[in-house]
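Below, in structure tokens: the form predicted alone, a single chain.
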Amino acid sequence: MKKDILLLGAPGAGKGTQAKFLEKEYNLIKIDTGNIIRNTIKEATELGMQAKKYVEQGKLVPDELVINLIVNTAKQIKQQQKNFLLDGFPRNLQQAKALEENKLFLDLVIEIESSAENLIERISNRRLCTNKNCGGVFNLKSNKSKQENICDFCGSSLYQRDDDKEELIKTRFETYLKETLPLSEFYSKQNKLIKIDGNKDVEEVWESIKKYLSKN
């Protein structure tokens, strides 16, 4: 499959999990905006320090801080004659148009839809591996690690992201509805959008995605 794909959905919709399946199954290179931003914060770069104040408040990092980074990364992937998978970018119309202005046109947008109740429960119970090379993701209710606060895959400790705490979840969801959801209409008009029921189990969601891709 030769497609450049965007995964669209509110925080906690399961984009990260489905992205891993897509990467492995279709040999895509994932551009994870969230990880890129978190790494710049950890490295205490100038960009990272600017981004940190927004992340800690549960707000989106301003466009000017991320557009050039993502565009350059995507172009490098295309120069290698490979296909990319976007997760977390574009998150608003300005960013979507910036991609197209740089001749980076998406082939498919997969929107994972979930109810607000499911999203809040998933996010507040999510735990991540501290080893960024591992990327393990667990949930205190639906996918607990075998040993408390220890990653099943690499043995590193688990942590909760600051913006995954319950007091910030509603802010993130409201921001998504206001700034990111219009992308659904934008790509729908281009006949590039498919919607997947994200309230189902992880495997059921994946089977729905694979079923569509096998026919297209």
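In case it trips you up, residue 1 is the first one in the sequence shown, and so on. Bear in mind that the values here come from a model prediction, so they are computed numbers and not experimental data.
Note that the form predicted together with a small molecule isn't included here; everything after this is about it.
Among Ser114, Gln95, Thr73, Asn139, the residue placing a heavy atom within 4.5 Å of the small molecule in the model of the complex is Gln95.
Proximity to the small molecule in the model of the complex, defined as a heavy atom within 4.5 Å, singles out one entry of Leu28, Leu158, Val55, Leu47, which is Val55. For the chain shown alone, Lys165 is not a contact residue for the small molecule in the model of the complex, no non-hydrogen atom being within 4.5 angstroms. For Lys59, a non-hydrogen atom is located within 4.5 Å of the small molecule in the model of the complex, even though that partner is not displayed. Although the partner is absent here, Thr40 lies well away from the small molecule in the model of the complex, with no heavy atom inside 4.5 Å.
Although the partner is absent here, Thr33 lies within 4.5 Å of the small molecule in the model of the complex, judged by heavy atoms. The stretch from 129 to 137, 101 to 109, 86 to 94, 114 to 122 that comes within 4.5 Å of the small molecule in the model of the complex, counting heavy atoms only, is 86 to 94.
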